[in-house]
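Heads up, the chain below is alone and in the form predicted alone; it's given as structure tokens.
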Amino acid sequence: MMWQCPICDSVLYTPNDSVHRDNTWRCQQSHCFDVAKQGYVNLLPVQFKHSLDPGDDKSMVKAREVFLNNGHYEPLIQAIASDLQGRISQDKTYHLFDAGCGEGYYLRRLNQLLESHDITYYGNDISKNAVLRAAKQAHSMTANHQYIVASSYHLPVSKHSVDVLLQVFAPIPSTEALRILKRGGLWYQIVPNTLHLQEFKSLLYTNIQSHDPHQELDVNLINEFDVNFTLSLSSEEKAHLMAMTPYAHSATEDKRNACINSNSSLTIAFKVYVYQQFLMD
């Protein structure tokens, strides 16, 4: 996969094709980006930031890390891996990119579930806190992983260089997704379905407005499926889940506590869209 400079869009070179052998990435215009000791690269120049420390803070990243590493969303990643395994071959090499990867859970699990395939895993997030944790946790994985701090609205990724794009809840413009996908490339878009966390919503809102998922327009949809299950969580686990959602900031403390201390199980409902890139510019 080819990287491009986030400042001038020229080719970004990683000496020896491995960041572990050199601590600087350089472009044709001599823009330089150092590799952090954890192995990630910050490709979000200060002029592109809208705040000093954008994205999830350390406490939110930690909550997501604990919740996901405990396997609560395992049915989702199993379903994605199962569909993907039926579409890729064991005799080909693939570049799989997670746009808005957070702390890297989904890439690590795909690495484990698809270990018989030749896949290199890449991820970006606007949160340096998340990318740092993703890089550290992927250190012991057998496959190659590379994580960058970058915005999904301006990915430092060359055109048509990604075989599989993963998008779990995080936003990415369809134009950007299709720009980086190879011809025949797959795009897995995962969004909350109508009943997702309805028990939280009933405690947070007087009038519940259902979230109605919808597919991208003018993109080749080749499959869609639902992943639904229920979770019985402790108050601590519900607090971790709450911290992963927009409710963590939008709800009052009293209402958040009512959700966390509720005895009800939670409905987990996802919609998965699978698109394929056919056209090239």
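Bear in mind the structure is a predicted one, so any value in this text is a computation, not a measurement. Numbers follow the displayed sequence, beginning with 1.
The same protein also exists as the form predicted in complex with a small molecule; that form is not shown, yet it is the one meant from here on.
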Listed residue (A143, I126, A177, L197) with a non-hydrogen atom within 4.5 angstroms of the small molecule in the predicted bound form:
I126
Listed residue that, although the small molecule is not shown, lies within 4.5 Å of it in the predicted bound form (heavy atoms), from L233, A243, C27, L68:
L68
Is G102 part of the interface with the small molecule in the predicted bound form - any heavy atom within 4.5 Å?
yes
Consider Y153 of the chain shown here, and say whether it contacts the small molecule in the predicted bound form, taking contact as heavy atoms within 4.5 Å.
yes
Classify Y121 as contacting or not contacting the small molecule in the predicted bound form by the rule of any non-hydrogen atom within 4.5 angstroms, answering yes or no.
no
Taking the small molecule as it sits in the predicted bound form, is R64 in contact with it (heavy atom to heavy atom, 4.5 Å or less)?
yes
Each of D83, L114 and W187 within 4.5 Å of the small molecule in the predicted bound form, by any heavy atom, yes or no?
no
Okay, which stretch from 199-207, 134-142, 87-95, 167-175 lines the small molecule in the predicted bound form, with non-hydrogen atoms inside 4.5 Å?
167-175
